[in-house]
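We begin with a single chain expressed as structure tokens, specifically the form predicted alone.
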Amino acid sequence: MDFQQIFKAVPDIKAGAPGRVNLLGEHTDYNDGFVLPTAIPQQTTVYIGYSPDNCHHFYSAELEEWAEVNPTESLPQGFASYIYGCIRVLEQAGYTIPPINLFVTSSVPIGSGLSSSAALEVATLRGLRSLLNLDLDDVKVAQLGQQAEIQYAGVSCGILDQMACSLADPEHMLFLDTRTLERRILPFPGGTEIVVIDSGVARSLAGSGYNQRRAECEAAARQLGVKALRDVSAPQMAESLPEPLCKRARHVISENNRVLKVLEDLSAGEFGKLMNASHASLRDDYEVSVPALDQLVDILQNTPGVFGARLTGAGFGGACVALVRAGAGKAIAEIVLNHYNNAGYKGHILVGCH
């Protein structure tokens, strides 16, 4: 199915945005910290035209779902909540958005920690920017996408995902200071590429412990007397906190330090060690891993040609990312997946990004 078959008209514009994988800097963005994502080749694409009536009409090709939204009635659920959230935040910013027809198709895996929701938000906002000639730069697009997810999808997310989907590319790493939005485009360590493997365990951010972790970090920052955990650079400072705030803060502080270390132009081996340490911290201190992710990471870390591996995304399921020897990604991924699935899981290869 395409736009013309669904809406019996030709779309006025087409826009897209990639998914992203985060190499380091997990759960640091909503703590004003540092992150290191890269874009993946998979894209979300939207086709938009004007609606002939007073309602918005959305269709998802992958889900085969319709949504009709009357702006005077209750808010939509599911995929439509992200699209309608983008419309609403634009209206809150002072733009007039006419009723639209929107058709979305995507190769970004859903529920794998690769920012399918942010890709949809950025693609929608880019499409509306083109359709209506809106004065929005790529940073503003990311900020509006973040607000759409917080206000209309119920996830208190940081700016990482939307900034990555709006500004990153698959050939580089994006170093981002989420407080100042200062950013630098960095090369991958020499002689490497990345592999992303889905654990087969889906997750839902709104229904997981994500918002709880955010609240714990805010409580830890208050007790330490700082605006955000980004303002603490020594992990031992967390030792004064009660559990589980001590562990949550220790992860965020140490994770920020790992991202900053990347600015020193590390070798592949040094970078991989940071990824391994990041996973251990996410597993033990932040407690967002699950047995399937730990098993997959363990197999990756013990496979020749892998420099380092960790869960990526919020956790509670989803995918793992590994830094591997250039040219060996496909073979390594197949070996790892065979071992993993023989242990009783149902994972699959998502991407070799670089």
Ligand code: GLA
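All of these numbers come straight from a predicted model, not from anything done at the bench. We number the residues from 1 along the sequence you see.
Same protein, other form: the form predicted in complex with alpha-D-galactopyranose, not shown, and the subject of what follows.
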Is the gap between residue 79 and alpha-D-galactopyranose in the model of the complex 4.5 Å or less for some heavy atom pair?
no
For residue 25, is any heavy atom within 4.5 Å of alpha-D-galactopyranose in the model of the complex, or not?
yes
Using 4.5 Å between non-hydrogen atoms, is residue 313 touching alpha-D-galactopyranose in the model of the complex?
yes
Since only the chain is shown here, I'm wondering whether residue 152 would be in contact with alpha-D-galactopyranose in the model of the complex (any heavy atom pair within 4.5 Å).
no
Name the residue from 86, 120, 252, 160 that puts a heavy atom within 4.5 Å of alpha-D-galactopyranose in the model of the complex.
160
Given that the partner is absent here, state which listed stretch (62-70, 296-304, 37-45, 313-321) has heavy atoms within 4.5 Å of alpha-D-galactopyranose in the model of the complex.
313-321
Residues of 29-68 having any heavy atom within 4.5 Å of alpha-D-galactopyranose in the model of the complex, listed in sequence order
29, 30
